[in-house]
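First, one chain by itself: the form predicted alone, in structure tokens.
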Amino acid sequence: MTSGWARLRRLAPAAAVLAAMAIVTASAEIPLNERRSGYADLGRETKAMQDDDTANPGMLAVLDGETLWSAKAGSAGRSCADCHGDARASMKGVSARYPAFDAASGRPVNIEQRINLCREERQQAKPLAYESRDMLALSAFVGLQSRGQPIAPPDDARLEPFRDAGRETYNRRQGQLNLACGHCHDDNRGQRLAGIVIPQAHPTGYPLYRLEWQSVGSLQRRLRNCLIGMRAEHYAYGAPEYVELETYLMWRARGMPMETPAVRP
């Protein structure tokens, strides 16, 4: 298996060409009627893998999450089910509405942060680490309950400054390649970079199983990979900059159906 760093080195010449293209282009948001999921660009075999729950590797994380949902944790001795009951009903559409504004912290929190808030406040348990098996399992299980539901960011004016900050990050040139996210995923969407179709980068399927990773990963892991590919400084998992970017990306994908757990190359 080719390492992520080796792949980045292989993509470097093509990325340099794209950087040159970006000098004469300006990012513009994709019209709502032209948006498409990364699923549309998958090969037949990868589509079949996502479509069949018995073949989708991401469902292993979902099964682990289902077990954790009913497991008592922390000094309170409570499970998620003790508060929320049957996830098929109580969690339907929840992941499609995150990040959401958290009044206590005065800023948006994503679904992983909400899980940890519940653990700390309700279960009196230790928070789960980002990208840990248990965090990915629980967030995948919760995400599955929104599969097929339209992404519906909250109509909450308190989110606007954070959404705007995420939009600014998305459109800001960064790193040694002097690229913005929009140069790839808006201006050059559908074109090929080193033989790979450049997707529109809608967060419809996270946590998802990525063939390159051979594992399930969060949206923040993917954002981190992109920043490394741009040769830009990346942030710590859970950083406000990532959550702001997630807030914008979910608004950008509003109305698109959730696919969790998706499969991607």
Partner chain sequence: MKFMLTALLANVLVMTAAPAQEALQRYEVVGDAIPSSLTGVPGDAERGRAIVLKRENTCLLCHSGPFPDERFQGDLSPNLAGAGARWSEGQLRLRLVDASRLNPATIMPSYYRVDGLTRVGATWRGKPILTAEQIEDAVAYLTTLRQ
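Computed from a predicted structure; not experimentally measured. Positions refer to the first chain, counted from 1.
There is also a form predicted together with the partner chain; it is not shown, and the following applies to it.
A.B. asks: Even though the partner chain is not shown here, does residue 192 get within 4.5 Å of it in the predicted complex, heavy atoms only?
C.D. replies: Although the partner chain is absent here, residue 192 would touch it in the predicted complex, with heavy atoms inside 4.5 Å.
A.B. asks: Under a 4.5 Å heavy atom criterion, is residue 107 part of the interface with the partner chain in the predicted complex?
C.D. replies: Residue 107 lies outside the contact set for the partner chain.
A.B. asks: Is residue 34 close to the partner chain in the predicted complex, meaning a heavy atom pair under 4.5 Å apart or at it?
C.D. replies: No, no contact at 4.5 Å.
A.B. asks: In the predicted complex, does residue 210 come within 4.5 Å of the partner chain, counting heavy atoms only?
C.D. replies: Judged by the heavy-atom cut-off of 4.5 Å, residue 210 is well away from the partner chain in the predicted complex.
A.B. asks: Counting any non-hydrogen atom inside 4.5 Å, which residue from 49, 68, 42, 198 sits next to the partner chain in the predicted complex?
C.D. replies: Comparing distances to the partner chain in the predicted complex, the residue within 4.5 Å is 198.
A.B. asks: Just to be sure I understand the contacts: of 177, 165, 100, 87, which is the one whose heavy atoms reach within 4.5 angstroms of the partner chain in the predicted complex?
C.D. replies: Looking at 177, 165, 100, 87 one by one, just 177 meets the 4.5 Å heavy-atom criterion.
A.B. asks: Considering the partner chain in the predicted complex, find the one stretch among 116-124, 91-99, 169-177, 140-148 with heavy atoms no farther than 4.5 Å from it.
C.D. replies: Contact-bearing stretch, as computed: 169-177.
A.B. asks: What residues in 210-241 sit within 4.5 Å of the partner chain in the predicted complex, counting heavy atoms only?
C.D. replies: Counting only heavy atoms within 4.5 Å of the partner chain in the predicted complex, the contacting residues of 210-241 are 228, 231, 232, 233, 234, 235.
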